[in-house]
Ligand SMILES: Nc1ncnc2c1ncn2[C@@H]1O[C@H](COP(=O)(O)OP(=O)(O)OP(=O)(O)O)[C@@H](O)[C@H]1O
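The form predicted on its own is given below as one chain in structure tokens.
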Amino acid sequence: MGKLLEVTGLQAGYGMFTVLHGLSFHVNEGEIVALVGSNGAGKTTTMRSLCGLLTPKGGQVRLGGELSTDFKSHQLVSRGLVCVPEGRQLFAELSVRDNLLVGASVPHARALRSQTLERVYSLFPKLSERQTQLCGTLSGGEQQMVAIGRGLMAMPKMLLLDEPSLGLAPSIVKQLFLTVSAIRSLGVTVLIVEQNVRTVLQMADRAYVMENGRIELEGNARDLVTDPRVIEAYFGSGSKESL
């Protein structure tokens, strides 16, 4: 199982302010890898750097062995790297179906968009039922389904999910994460950024814990759930994700 994404010594930020201080991690083909941490840890800056929305100040990012640091966002999509952004960024006045079809913009995806659309509807049956409904009238959970479905319409090799559970009810989060596992079974590698630490660690294969723009912990996701340092920081009384 080779490395699909390899990040080495990544430095990034905004203006004179550096957020990422030499970040290094990798994602193997076929894995679900979680990147977790508190607000301000640098998770979204990492995602923006990976998908071409932010030019790194230093370090390297390789996608399938190819140096991708200088690629623009649309070039990375053509090479199989697709990001589902925090906040969804849907077209509220377009229908569910039209929002999904926007995702099939690259030539190889456009040619197979009918088949891919049916695959998305099989993953999210509710979207099939509501394909003519305006996205702005959907619930938050349904809008997140559209956002992920739109990402899948580009036929990615790797899907980046930035805070997909944000603002969603626990029952919807559980359903959403089950779908992420199903997406992996379709041959799509997943890197997921999450504040919902306990749930994502129970679903992922491996995980990295970020603090202040650096990787502080890494390992098998299930092992990290029981790591005393993770319990103290995220699950204990008064913690960032207390019981």
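Just so it is clear, the model here is predicted, and its values are computed rather than measured. When you see a residue number, it is the position in the sequence shown, counting from 1.
A second form of this protein, the form predicted together with the named molecule, is not displayed here; the remarks below concern that form.
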- prompt: Pick from 189, 199, 68, 44: which residue has any heavy atom within 4.5 angstroms of the named molecule in the predicted bound form?
  reply: 44
- prompt: Among 180 to 188, 22 to 30, 57 to 65, 35 to 43, which stretch has residues whose heavy atoms lie within 4.5 Å of the named molecule in the predicted bound form?
  reply: 35 to 43
- request: Mark residue 142 yes when one of its heavy atoms lies within 4.5 Å of a heavy atom of the named molecule in the predicted bound form, and no otherwise.
  value: no
- prompt: If you look in the predicted bound form, which residues in 137 to 175 sit within 4.5 Å of the named molecule (heavy atoms)?
  reply: 163
